[in-house]
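Quick heads-up: it's one chain on its own, the form predicted alone, in structure tokens.
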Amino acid sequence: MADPNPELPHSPGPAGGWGSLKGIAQTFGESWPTLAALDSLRRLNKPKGVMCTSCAWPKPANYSAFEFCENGAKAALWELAAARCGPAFWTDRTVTELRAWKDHDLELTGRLTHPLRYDAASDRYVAVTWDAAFADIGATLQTLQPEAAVFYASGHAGLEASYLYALLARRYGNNNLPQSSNMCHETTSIGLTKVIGSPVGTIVWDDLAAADCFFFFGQNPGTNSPRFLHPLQEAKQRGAKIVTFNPVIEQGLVSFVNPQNPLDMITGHATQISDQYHQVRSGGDVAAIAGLCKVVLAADDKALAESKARVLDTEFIAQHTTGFDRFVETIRALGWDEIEHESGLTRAALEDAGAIYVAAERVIGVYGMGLTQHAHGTLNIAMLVNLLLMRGNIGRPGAGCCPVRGHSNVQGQRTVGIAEKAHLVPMDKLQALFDFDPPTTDGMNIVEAVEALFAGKVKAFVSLGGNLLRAVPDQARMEQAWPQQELTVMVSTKLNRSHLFPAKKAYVLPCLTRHELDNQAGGTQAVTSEDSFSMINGSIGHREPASPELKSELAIVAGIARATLPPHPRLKWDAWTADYGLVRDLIEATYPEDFRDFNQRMFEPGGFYRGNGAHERIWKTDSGKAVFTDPEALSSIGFKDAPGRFRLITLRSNDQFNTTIYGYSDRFRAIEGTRDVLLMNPDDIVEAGLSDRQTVAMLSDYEDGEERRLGGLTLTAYQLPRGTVASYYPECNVLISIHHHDQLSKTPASKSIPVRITAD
């Protein structure tokens, strides 16, 4: 595997270990929750406890004493902060003044305690009653044409609130239900559906223990899903192989010290994770996987010539796939020179990786946003599926496709109807259950909604969680267009930058977290969520709410709906708020195959499996078979290389979750105290006439006539492929054009942004 250059910044040690505990302690020290927060950590990811609000990594049935990771602990401690941001906070501060604050400092003000209304005269938020807020929101929505309002969801809210939120939007009259997956894994939903008929990954928990090989592409478990490192460590201990393709050396895929193993902690013994680590250039995954496919074909040719067992799973290919012959013809015609050029890897390196794949019996292909966030991200995913199909590595034990989702319920929200595409939702069942004609015209995804906002066509945005202005591309244009709306509604737990650009009418509605008691007229309520493996889990809060004024996400959705929609005997908002079990009954009635006996099974250890046809080799594609895809290009970037043009990839530190910045320590990259850095290959620095530690700016080189700039960055020599540079998300979103996205899913191409670099 590639060894880190000791002369360049890199993590001083393995993932996990004492560094993980120190990271948790630092967050505890900043948020200062009570010691009772430790009891909250004890309950994380356990039956009748709380499912982590961080990533969507599965919860094993046979859980450990501490079933949480560093980032899960940080997310819990951050939500359980002692500080409170009440109405008095605004006494001597204006919204405009707060725009100079950093994201981290905004959230350090603490939990929001009261519903707030923006007062333009004083440029401050003021307290408002819930009834008044709901009434004004409803009255304003009633004045707009349905297509002018957007109902966005961040991926946090449980299945129950999400189902009612989608019902609210459709009863209002549109399918404008973009979701955070539009910005990360929508490429998965569209790409996988096209080739295997499933919008989600195909593996289950038991497959992790049965696999003898993992191929990683563009995924970083050390930062984004640290609990994944435990089954990876177990895989290495039983002799499994792990091969990684990533432009950045990510420490979680290099080595790992298990914080729950006393001997490892005492001795510092680290498990080497990757047997091979290949630093593919940004956008080079199509070419790299094409090279692996060439290796498989060559090995099969040799086996045939020597009358040995075939390398290709010919029986599986004949019975379960289509398009194989054309795919093979294209792969055979590709030259190694073009594969090496586009991937940034040598033929020898790809042959070494391919040899591991050929020798393995059961392979899981793992990927993250390093594959999805490109102009041809769906081709990236199709190529990975091609590789897996060649040896029958989908739909059998220990093998399959494993996209690792980000937010805790981002997958589940799609499952229960938060979708802008009308054909994905059983409208006939909604019609029968609620006695109305749901809209059948597709709504807007997030890119289309932002484009419509820029054009002045969107007049209202309701956000169920999230920090949308910070999360989407074209931040400068968003900050100009967002306040021009008639109405913005943000359901939030803490202050964030999206609150600082209020519309003509703007409301911030504070909600409970999963850790807090959700007491309604029918008693204490539970909520459910879906993880990356299609398992459904229940959560019950146990902490006293941060304020008696807080409402649950479901109660807020119901309150807006009650004030916006005309009364109807089938719309029982009060009853549904009193008893979430009634909402689960509705979900079961709408999706009977996925949610059979929902209320009875929601607390099964490890969750209950809602099923996946591709896992059973049932292909819900147009052809009824899995599809081999003929690669029409070897690069996924969507633009041409040019002198002075670099490919920027956006990164997350281990001290953040999505747009939430816990602190300024990225120990995995040896970057401390700042996020204003630009990582660059040292040879590229010299060739560009720049110098290490120089202050530089990045200029967008996307050709759409807009000027985009990010300055004040410290140039840092780093071990990256030539032509690839890296810096942090969400700060770099200011450089991304809303038009630069995957061709099919419209997921922003945040992993291959064309930029130029200049002295600042």
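Residue numbers here begin at 1 and follow the sequence given. Since this is a predicted model, take the numbers as computed values, not measurements.
Omitted here: the form predicted in complex with a small molecule. The next part is about that form.
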property	result
One residue of 530, 474, 553, 160 in contact with the small molecule, assessed in the model of the complex (non-hydrogen atom, 4.5 angstroms)	553
Candidate from 321, 681, 660, 233 lying within 4.5 Å of the small molecule in the model of the complex - any heavy atom	660
Residue 373, heavy atom within 4.5 angstroms of the small molecule in the model of the complex	yes
Proximity of residue 377 to the small molecule in the model of the complex, heavy atoms at 4.5 Å	no
4.5 angstroms heavy atom contact with the small molecule in the model of the complex for residue 652	yes
Contact test in the model of the complex: residue 733 vs the small molecule, heavy atoms, 4.5 Å	yes
Residue stretch of 627-635, 213-221, 605-613, 355-363 approaching the small molecule in the model of the complex, non-hydrogen atom distance within 4.5 Å	213-221
